[in-house]
Every structure is written in C-alpha cells, then in structure tokens.
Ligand SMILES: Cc1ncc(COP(=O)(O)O)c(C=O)c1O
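A single chain comes next, written as structure tokens; it is the form predicted on its own.
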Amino acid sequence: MPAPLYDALVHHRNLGRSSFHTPGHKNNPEALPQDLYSLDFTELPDTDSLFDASGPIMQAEKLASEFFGTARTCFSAGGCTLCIQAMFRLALPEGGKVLCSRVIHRSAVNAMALLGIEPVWAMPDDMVKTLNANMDVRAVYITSPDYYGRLMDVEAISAACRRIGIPLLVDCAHGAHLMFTAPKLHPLAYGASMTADSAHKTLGVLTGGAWLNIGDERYAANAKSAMALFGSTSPSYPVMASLDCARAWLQANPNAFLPLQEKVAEIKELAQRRGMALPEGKGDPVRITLNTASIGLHGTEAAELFRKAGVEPEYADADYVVLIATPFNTEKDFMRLKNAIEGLPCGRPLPAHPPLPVLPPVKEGLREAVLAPSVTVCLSKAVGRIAAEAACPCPPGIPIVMPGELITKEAVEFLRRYGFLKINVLK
C-alpha cells in the first residue's frame, strides 16, 4: 500500500544532499542516541508527566536551568509556538497592551488574538522610542535573531523595559545556540525576562523540541500552568529526551560552536569575494545568509543551483539564500557548500526594492480581526478594506499589513511588486 509522506521522506533522504536546514542534528548519528524510536512511551509512574513534573522530567529541566543559568527552564515538545504562547500568558494573564516588533512569527499574532492582547506595533529600530511614547504597555515582545540572522539591540531594549518595570519577551527560535557562541549573544545574557528557544533548529534535538527559558524569577512559579493551557497532553517522549541529551552533549562539548564560527567565517569571506553582500549590522556568527541579488541572481534561482550541487538550503526568497550550519555538519558538507558558492554565476546586481510604506492605521482589534468572518478579494479591490491576515513579503520579512489594519493604496502597490494577487479581508 502506498504511504506518500513516508515515501517522500525516504526519497529525499536518498538524494544525499548536505543539510543546511533544520533540524540542527542533520541526521548525524553523533548528535543523538539511535534508540530514541524504541523509547516512545507515555506518562507512566516511572516516566513522569510534562505539565505535572515531579520525577525525571523535573530533574532534566532543573539540570538545563542550572546549565543555562536561568530562573527556570521548561521543556516543550510543541515547538517554540508553545513557549511563545506561555510567555504571553505569564506576562499578561489578564490581557493588555504589548509593544511588538513588526518582525514577528504568526504564532505570536495568533497567541495575542486568543489571549485578548492588544499589540502596539513598531519597526525593529524604533522599539525604545516607541516604548517611551507608549508608557501604558505591559510588556515588550521582539524577535532576535530574525530569520536572516540579524540581532536586535536587546541590551538597550531590556534596559528601557527595566526602567519602567515591564518584562521583555524574546522569540529566540533561531538562536538557542547563541548561549555557546563567542561572545555569548543570547538575549538572556542581555537582560531578557523570558525567551522561547527552538532547540531543534540549531542544536541536536528532534523536530518540535524547544525550551522556555525564564530569566526573571517572577514568572517561574506559574510556567507549567501557562504551558498546560496550550500544550498537548500527549507530548513526545523521544523529543523531550532529545532535549535532555542535547543539554548533556553541550555540557560535555561547551566549545563546540567555536570551530563552527571559524568555518562559517570562511564561507562568508568566500561569498564576499564572489561579490555577494551579507546582511548589515550585528548578526548571528554561524547563520549563513547570502544576498545573491547582489550578483544578479534571485535567491530562489541560487537555491536551485545549490540543490544541483548537492546542498539543501533552509530558505530562499527574491534576494537571499539562508543556510543553517551546526556542529553536526561534516567537512564534506562544507566542501560542497564552498563549491556551490564558487559555481554561482555573477552578473549585475538586481534592482533595489522600494522603501517600506508607513505602518497603516489600526481599525479593528487584533482578536476581532483574526476571529471574524473573512473573504478573499483581489488585491486591486482591497484598498480601504480591513485586513484579516498578515501580508508579509520576503524580503524584508516585515508584514506590510496586520489583521485589523486598514489596507492602504501604498500597501497594495508594495505588495503587488512582490507578486501578491489576493488578500483576506473582513467581510
């Protein structure tokens, strides 16, 4: 009998491409115990229960907390999404306003809608200025690093939050490994109150494994009840065990990311010699983000050339190819990547994108807009309507409209340039 998904996975594995995408274990047998399949159990007297932990899960989380230097660390088998939901619940249990960076994952938007939280939007570089102009917000929420590896000024934002006594929540889905780079670039090191870390993206963890890391003692006691509000009552024990094993591996190999930083630096130097630009500003030292548009090649076109060279990227868009490297990539992987970069054709840079339109006015609350009936309309007929979904061109990875916002003529023109044809609006 056919099993199409299983067959597709087997087919992809048999392609033998070098993995520069999630999960971080890269299917390398050195990353994880090979008997995890045989350990797929459930809540039993001797295996503990995730949301009522009092045995081995509690002990494993305590070891992680001690190693990471947190007030509390909780396991998630529901990915970073569960951690994000729990952060909002802990910080704003009765709702209220939160200042949000416009670079945001849809799981955070949905969590705010479900919890009745009202976002106040700001561009990433304007967080402190916007906070000073909105002193009634009860928390600040940012994403650092973003998908391209760019880091926000967490230290300055954290200091601004402390001055008025509100928590800083950080979606650190792509930065769990930043605890182990030199220097340490993890948001907890710069004063974040809570972080959601997708360990499976850059570490030796099975897909779906994440940590809720709490730096502020005030939010530690209720962490489990906040996670239980959203989490499955059937969490994967192999995923949780992989989190425990990853912590043990990192404790035994605390400098594992240092040689990786050197390898990635060589890759970036090669790309720059070939004429490719890298993202500006402070960034993740092991995230490889190549602006192939600077050599006349759309990122999606470059990704296909990488695949033909035996390299599978994490992501590609109009301008960029994003590759995720971890300590579990082999020397063969890096040689393939170097050869693929050297084989890219070089031409004139592609035209620059127009500047972002100003943030549109909010006409409906986020919760009302997300849960209200909606209809799909042609983009040309959307001017003056209220968005029921986020429209997010990549690049820049910043939503042009969010649910509840007015769709302006400028927004429509910008989205049309990126190939948007339709959008969901409120009825």
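Note that the coordinates shown come from a computational prediction; the quantities given were computed from them, not determined experimentally. We number the residues from 1 along the sequence you see.
The form predicted in complex with the ligand is left out here; the points below concern that form.
**Student:** Although the ligand is absent from this view, report whether Arg247 comes within 4.5 Å of it in the model of the complex, heavy atoms only.
**Tutor:** No.
**Student:** So, in the model of the complex, is Thr300 in contact with the ligand at a 4.5 angstroms heavy atom limit?
**Tutor:** Flag for Thr300 set to no.
**Student:** Is the gap between Lys263 and the ligand in the model of the complex 4.5 Å or less for some heavy atom pair?
**Tutor:** Lys263: no, not in contact with the ligand in the model of the complex.
**Student:** Look up in the model of the complex whether His105 has a non-hydrogen atom within 4.5 angstroms of the ligand, and give yes or no.
**Tutor:** Answer yes; at least one heavy atom of His105 falls within 4.5 Å of the ligand in the model of the complex.
**Student:** Within 4.5 Å of the ligand in the model of the complex, do Ile84, Thr143 and Ala173 each have at least one heavy atom?
**Tutor:** Affirmative, all three are within 4.5 Å.
**Student:** Which residue, Gly149, Gly310, Gly79, Gly231, is the contact with the ligand in the model of the complex, using a 4.5 Å heavy atom cutoff?
**Tutor:** Result of the distance check: Gly79.
**Student:** Which listed residue (Ser198, Thr292, Ser242, Thr195) meets the criterion of a heavy atom within 4.5 Å of the ligand in the model of the complex?
**Tutor:** Among Ser198, Thr292, Ser242, Thr195, a heavy atom within 4.5 Å of the ligand in the model of the complex occurs only for Ser198.
**Student:** Within 4.5 angstroms, counting heavy atoms, which one of the listed stretches 176-184, 198-206, 214-222, 326-334 is next to the ligand in the model of the complex?
**Tutor:** Going by heavy atoms within 4.5 Å, the stretch is 198-206.
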